[in-house]
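Coming up is one lone chain in structure tokens, specifically the form predicted on its own.
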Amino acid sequence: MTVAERLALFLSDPDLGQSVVAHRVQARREAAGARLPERVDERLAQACRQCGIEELYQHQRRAIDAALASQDVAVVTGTASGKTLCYNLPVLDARLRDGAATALYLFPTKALTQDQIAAADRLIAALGGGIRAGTYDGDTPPQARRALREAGDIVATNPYMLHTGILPNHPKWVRFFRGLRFVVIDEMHGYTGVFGSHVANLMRRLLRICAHYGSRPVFVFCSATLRNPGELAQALGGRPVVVVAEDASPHGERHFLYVNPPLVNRELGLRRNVLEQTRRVVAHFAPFGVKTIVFGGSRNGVELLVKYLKDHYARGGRDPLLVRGYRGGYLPELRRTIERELREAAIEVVVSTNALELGIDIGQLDLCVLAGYPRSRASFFQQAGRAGRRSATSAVILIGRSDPLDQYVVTHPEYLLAGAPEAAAIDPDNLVIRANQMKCAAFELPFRAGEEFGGGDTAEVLDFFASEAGILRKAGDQYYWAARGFPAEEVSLDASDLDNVVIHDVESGRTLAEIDRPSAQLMVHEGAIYQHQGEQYQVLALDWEGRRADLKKVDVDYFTEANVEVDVSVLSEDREQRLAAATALMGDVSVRKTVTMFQKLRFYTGEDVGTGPVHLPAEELETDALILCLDEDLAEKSGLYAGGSGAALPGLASPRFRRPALYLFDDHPGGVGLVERVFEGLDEILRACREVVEGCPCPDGCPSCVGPLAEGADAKRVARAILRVLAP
């Protein structure tokens, strides 16, 4: 049964169909073609034709022309639009014309690295070989690493290996860096926040080394849709870029369905749990030959859906192994197996976190189901684009949670389909990030007095390292590394590549998975139920210092969720703006997070069946925050204080400001510019908040507009009164 036929039955279903609140159809689009550039080496043109590439899409031609003209370029087009050819063609052309030319391919994950180097190998094979392309990462054997250093033409790696393995050892890569002509940065939209800020500094280090060896590579960026691709690419590479954003690739008809789960408690505004609704939706399609990818949000959400769908398959007499989970933390062998099974169509349903949002080749899928809005348009369209990677009809089903953001999205379908994508935010000159990267750069090459490294005062940082920290030594007009340590090993790019906790199965004696340190506090504390491919393991012990969790397989009817307490203290107030009856402040805060306890929740129903304590050290950080302080007059007139219901407004009654205050903080030491964007766009955000509250049909407040309600609180009336003043 085709997806179109099954979709018609879905829409007519008395339960599921009634939950569809909007249905939009994106028409089939034909390709807009262009000829191969005449300046491309004829051998490469013949290889393209041999691989079935008779012509290009127009956006490919524009991008290739820019790269061949030595211009930095950012290709910002949809999934399956042929971005890979935009860099493979100029790279191979350069290598055919100059035997010393090399290229560096940078991908955010090992899986994508392997996938994309295979695409280059196909063209190289059509050329008759003679060009060496390979993957250089933690899984590469030592002999293969040495061969790539000595003779590699195209080296594909990830930011982590570039950071700790390649740049600090650049004397071993002299030939490669001297000939470096292209640097490819794929999935650019993923280089935001902390990670992107570090990667921008990583590029500063790379360009220092290139200049040392006399090369000036061209950057080719590839990305999903962004509001500010040129700005992000320039921030990452440090130079202006040509932006190619008009997608000329074809796609089949695509249906977008917005599903709002039915109300189960109209008075409280509670809706059917999003995972249960997702299970019902997927069960309607999957057993009928509709190849499906489900994005389950959190790791816990993915594992719950895998269990529920495997149970559904088993009850129907079908093989539960037709359902697979895919997420971070799985060991590489398991992830490669699942990727291969997807390409070979051996799996009917894969449930994933955003790990499969990237452009890994996972074969042809008909349906994409999102268990909740993924918090950005860019992620939504990346996930949606994993289905319909051919000319046939496909469908995307977004299922809303009960929270206000999801409710806004599912009740405003044009917000996604007609609205502009988000702007990506990074802050490469964040003092903490930049200073740590300058340590790494100083280890690699001495700094000259007056040398720039991005923005900010380089001399001040270098003098501090030399005179107070003692890790640099100044001799003449140069600063030399003087410490014993290897700084790159101590600098994390995103707080997930260091300090991982190993998850150990005590019965089998094998390593089951790994998990980053912040997530470990929530998921592998003692007593937690850790879920893996639909199976349950109980955490027997967590060695926090040794970064190891010991688990045992169990058969229980519940899962666990940890509760976190957050305390915020204001350290400074740096910026201020006046609103109608409130003051918005931006400054530094100290945040203390403590995991205090966990709940046991029954599968399917979510019934609370018990609790347990958690004894782990608190996590502390200093970061940026926005503080919205209400005027006393507004707080009183809105009824915030009426009947002692001060908890009606989601926020804190701040002892510092002696009036109600709402805190929004950047969850990374020092902040990475996110708070500043909220501060500058506060008027627009408040208007959207008012629209959510005013538009929600509940009488007194619910999780879809003002969040969970305290007993006796009149939250909706209070929130409406406040927002009508702040966002008139």
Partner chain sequence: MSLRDRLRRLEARAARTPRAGKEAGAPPEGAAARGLLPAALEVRESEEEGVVARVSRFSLEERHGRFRLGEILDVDAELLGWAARHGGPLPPRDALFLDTETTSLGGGAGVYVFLVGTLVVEEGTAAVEQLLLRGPHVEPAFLERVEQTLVRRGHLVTFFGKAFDRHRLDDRFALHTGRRPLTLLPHLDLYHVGRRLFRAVMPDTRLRTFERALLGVERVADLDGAECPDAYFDWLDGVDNGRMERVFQHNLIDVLSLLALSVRVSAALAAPAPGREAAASGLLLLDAGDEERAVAVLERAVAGLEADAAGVDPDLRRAALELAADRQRRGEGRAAVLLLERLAAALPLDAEPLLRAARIAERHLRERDTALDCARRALGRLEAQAGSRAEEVRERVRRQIERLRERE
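Positions refer to the first chain, counted from 1. Note that the coordinates shown come from a computational prediction; the quantities given were computed from them, not determined experimentally. Here the rigid core means the biggest group of C-alpha atoms that line up within 1.5 Å when the two forms are laid on top of each other.
Below, we turn to the form predicted in complex with the partner chain, even though it does not appear here.
K.L.:
Of the options A345, V174, V506, A541, which one has a non-hydrogen atom that comes within 4.5 Å of the partner chain in the predicted bound form?
P.N.:
It is V174 that has a heavy atom within 4.5 Å of the partner.
K.L.:
Which residue, Y160, F598, F380, F465, is the contact with the partner chain in the predicted bound form, using a 4.5 Å heavy atom cutoff?
P.N.:
If I apply the 4.5 Å criterion carefully, the residue I get is F465.
K.L.:
Should the three residues E38, Y57 and A69 be counted as contacting the partner chain in the predicted bound form, with contact defined as a heavy atom within 4.5 Å for each?
P.N.:
No, the whole trio is out of contact, none within 4.5 Å by any heavy atom.
K.L.:
Considering non-hydrogen atoms and a 4.5 Å limit, does the partner chain approach G587 in the predicted bound form?
P.N.:
Looking in the predicted bound form, residue contacts with the partner chain include G587, since a heavy atom lies within 4.5 Å.
K.L.:
Test of understanding: in the predicted bound form, would D574 fall inside 4.5 Å of the partner chain by heavy atoms?
P.N.:
Judged by the heavy-atom cut-off of 4.5 Å, D574 is in contact with the partner chain in the predicted bound form.
K.L.:
If you check in the predicted bound form, is Y558 within 4.5 Å of the partner chain, heavy atoms only?
P.N.:
Y558: no contact with the partner chain in the predicted bound form.
K.L.:
Given that the partner is absent here, does F288 sit within 4.5 Å of the partner chain in the predicted bound form, heavy atoms only?
P.N.:
Outside the cut-off, so no.
K.L.:
Have a look at 546-554, 432-440, 214-222, 193-201 and name the one stretch with heavy atoms inside 4.5 Å of the partner chain in the predicted bound form.
P.N.:
So the stretch in question is 432-440.
K.L.:
Taking only heavy atoms into account, state which residues of 137-171 are within 4.5 Å of the partner chain in the predicted bound form, ordered by sequence.
P.N.:
If the 4.5 Å heavy-atom criterion is applied to the partner chain in the predicted bound form, 137-171 yields P168, N169, H170, P171.
K.L.:
For a quick test of reading the superposition: does D41 move by 2 Å or more at the CA between this form and the one not shown, rigid core aligned?
P.N.:
Stays below the 2 Å threshold, so no.
K.L.:
Is C86 among the residues whose Cα moves by 2 Å or more between this form and the one not shown after superposition of the rigid core?
P.N.:
After core superposition, the displacement of the C86 C-alpha between this form and the one not shown stays below 2 Å, so no.
K.L.:
Taking the rigid core as the superposition reference, indicate whether the CA of P487 shifts 2 angstroms or more between this form and the one not shown.
P.N.:
Yes; P487 is a residue whose C-alpha shifts (by 2 Å or more) between this form and the one not shown when the cores are overlaid.
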